[in-house]
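First, one chain by itself in structure tokens, the form predicted on its own.
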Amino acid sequence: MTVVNDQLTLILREKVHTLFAEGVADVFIGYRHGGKPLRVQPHVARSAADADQLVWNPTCINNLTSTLHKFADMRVGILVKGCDSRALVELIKLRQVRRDGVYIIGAPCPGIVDHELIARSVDPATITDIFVEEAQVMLTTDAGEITLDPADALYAKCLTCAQPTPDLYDELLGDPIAVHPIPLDARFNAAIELEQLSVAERFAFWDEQLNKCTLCYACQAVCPVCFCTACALALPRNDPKRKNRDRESVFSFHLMRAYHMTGRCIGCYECERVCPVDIPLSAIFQKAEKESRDLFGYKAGSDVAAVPPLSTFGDKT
């Protein structure tokens, strides 16, 4: 099975060939086809031949900015979606990435398909192409064409995305996608629902959810703005508290990580996507983002010149 937007994929490969030929980049971080239907995987191209494996299509879910630290001493090209570009803005402000050391190809993104949702309607192995637009997701299959509602095909976070086109880029892949205002109560729906509960009810909810946590730290590893080389919150693999999933260790890890992400989280929710036990981590970070906006008027990833709220002091008037 091959899912390719032929035109944009070919344009992307041509652009990366040019970057290598002109010496703009030593490596280019993008996507290539994965080993399973509706799956891609991150791909680091180091030559024009490697660039011929690059793809861009509605299955490219990974936030690639989390890999930039591995190439800190190189000239790097990278493909970013709107949510990815917000992470890149924060990494530049936090001096984890040099703006002049990265060449950004922005990819306007109408939404990324969730393979698990798609599989409820059609066998992924029969799909040969996918096209996403605002009102529908169109699949071309061996048996013909199928049209799905975005709610039945896209990741939930894509349904409330207010920035489908990256703000930060050196060149754009395709045409910009019109921005449609998303009400904040839709953007922060999980956090708002939890706010309506009593303290006891909220504690019971998180006690049940976090009791599932295995302290695998996948959420931390995938987060593009959680970049400490050695995390003070992470327990060694052989620590009895980690082996036994000590309740206090679980709660302290998630609460402190949420605090650290205040003013940083850009809402890609890769943490929730990779969680092996399906903890609704997006609710935690919706709350952190909501409070950052309400208290400090700060929207992470929107302005490379804005000072993060936890990096400065001042009176709130």
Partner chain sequence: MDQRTHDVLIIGGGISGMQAALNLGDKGYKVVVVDKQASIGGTMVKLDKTFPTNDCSICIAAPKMVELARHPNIDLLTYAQVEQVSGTAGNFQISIWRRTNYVDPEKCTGCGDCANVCPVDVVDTFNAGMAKRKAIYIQFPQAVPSVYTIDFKHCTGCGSCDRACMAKAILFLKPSRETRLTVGSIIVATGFDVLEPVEMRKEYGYGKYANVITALQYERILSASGPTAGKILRPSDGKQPERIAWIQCVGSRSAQNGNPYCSKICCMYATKEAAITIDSHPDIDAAIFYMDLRAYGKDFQQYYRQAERNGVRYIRGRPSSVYENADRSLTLVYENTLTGEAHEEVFDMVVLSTSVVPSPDSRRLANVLGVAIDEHGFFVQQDMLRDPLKSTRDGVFLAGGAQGPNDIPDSVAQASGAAGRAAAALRDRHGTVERKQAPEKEIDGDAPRTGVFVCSCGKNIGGYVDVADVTEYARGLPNVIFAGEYLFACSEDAQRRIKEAIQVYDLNRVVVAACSPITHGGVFQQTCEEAGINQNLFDMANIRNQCSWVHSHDRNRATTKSRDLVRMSVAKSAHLRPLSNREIGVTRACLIIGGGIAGIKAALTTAEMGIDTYLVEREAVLGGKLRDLYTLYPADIPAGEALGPLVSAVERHERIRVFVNSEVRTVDGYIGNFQVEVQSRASGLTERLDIGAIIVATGFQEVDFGGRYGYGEHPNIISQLELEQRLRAGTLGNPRTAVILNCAGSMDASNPSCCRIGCGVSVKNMRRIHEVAPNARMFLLYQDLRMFGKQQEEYFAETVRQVQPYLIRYVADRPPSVRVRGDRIFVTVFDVLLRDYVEVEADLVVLTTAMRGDARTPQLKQMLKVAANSEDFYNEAHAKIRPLDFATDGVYLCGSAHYPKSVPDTIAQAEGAASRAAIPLLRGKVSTEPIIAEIDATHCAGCGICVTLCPYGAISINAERSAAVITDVMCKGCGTCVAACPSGAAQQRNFTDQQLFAMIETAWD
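None of these values were measured; they are calculated from a predicted model. Residue numbers count along the first chain shown, from 1.
Below, we refer to the form predicted together with its partner chain, which is not included among the displayed structures.
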Just one of 29-37, 63-71, 43-51, 258-266 has residues with a heavy atom within 4.5 Å of its partner chain in the predicted bound form, so point it out. 258-266
Going by heavy atom distances of 4.5 angstroms or less, which of A143, C228, L159, A178 would be at the interface with its partner chain in the predicted bound form? C228
Could you work out which of T165, T126, Q96, Q220 is the residue within 4.5 angstroms of its partner chain in the predicted bound form, going by heavy atoms? Q96
Wondering, does A232 line up within 4.5 Å of its partner chain in the predicted bound form on heavy atoms? yes
4.5 Å heavy atom contact, L8 to its partner chain in the predicted bound form: no
